[in-house]
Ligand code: PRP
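The form predicted alone is given below as one chain in C-alpha cells.
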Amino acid sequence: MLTIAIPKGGLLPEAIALLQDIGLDFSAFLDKKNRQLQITDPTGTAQALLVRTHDVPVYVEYGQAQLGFAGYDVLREKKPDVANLLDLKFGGCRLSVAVPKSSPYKNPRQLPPNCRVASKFVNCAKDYFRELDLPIEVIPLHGSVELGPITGMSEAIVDLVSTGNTLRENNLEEVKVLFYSSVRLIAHPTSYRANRYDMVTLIRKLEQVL
C-alpha cells in the first residue's frame, strides 16, 4: 500500500484538500479528537502518516513513506536523499536575513566578520555566508529566533518570513531574501524509479489538479 507522509500544523488542511482533489481522503486528521498518526484512505489504496514538518523527508528517505509533502526550506536545510518532483503551490514563505531596524548593517555583506547570526536553519545560514566568504558564528535556536538581536545575543537572524508581521512587531527588518519556499512533493528515489504502487499515476493526477 502506498504511504504518504504529510505535515502537521498549518500546512495540514491544504495538504488534505489537495489529496482529496485526487480521490484520497485523510480528513480524519483534522478531527481534534482523533489521536491516530497513521490512517488508511476509505478506498484502501493508500495510507498517510502525520508527522512533524521537518520529519517528512526523513520518513521518505528511509522508505517508511514513498511520497511526502515537504517544504523546500526543509529540503534545503536537511539535504535528504529524496526525489523533488513537484511544486505543490502552497505554504509559500521565504528564508531571509533580518537585522534590528536600528542596525547600521543594511546588507549582509556589511556584517562584521565573526559576528553572531541566530537561526533555526543552521546549514542554510552557513552555506549563504560561506558563499559571501564572510566568517560568522551561527547560534542554533529552536524557538523565537527574533530574541537573538533583541537580547543582544546576535547581530542578525536567518529565519522564515511569511507576512513579515513578527519582524515588524519586534523592530526587525529584512535585508536579504535567500530563497523562496513552498511545499514540494518528494519521493523515495528507488520506489519512484520502480513505480511502486503505481506512484506515477498519482503524481500525474496531482499535476492535473495543480
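Being a predicted model, the structure only gives us computed values, none of them experimental. Quick note: we count residues from 1 along the sequence shown, nothing fancier.
Keep in mind the form predicted together with the ligand is missing from the figure; the text below concerns it.
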> Does the ligand get within 4.5 angstroms of any non-hydrogen atom of Lys78 in the predicted bound form?
Replying inline: no
> Would Leu50 count as a contact of the ligand in the predicted bound form, using a 4.5 angstroms cut-off between non-hydrogen atoms?
Replying inline: no
> Might Pro42 be said to contact the ligand in the predicted bound form, defining contact as any heavy atom within 4.5 Å?
Replying inline: no
>> Taking the ligand as it sits in the predicted bound form, is Gly63 near enough to touch it, meaning that at least one heavy atom pair lies within 4.5 angstroms?
In response: no
>> Within 4.5 Å, heavy atoms only, one stretch in 181-189, 23-31, 138-146, 64-72 touches the ligand in the predicted bound form. Which?
In response: 138-146
>> I need to confirm a contact call. Of Gln38, Asn165, Asn171, Thr151, which residue comes within 4.5 Å of the ligand in the predicted bound form, counting heavy atoms only?
In response: Asn165
>> Under the 4.5 Å heavy atom criterion, name the residues of 99-120 that approach the ligand in the predicted bound form, in sequence order.
In response: Lys120
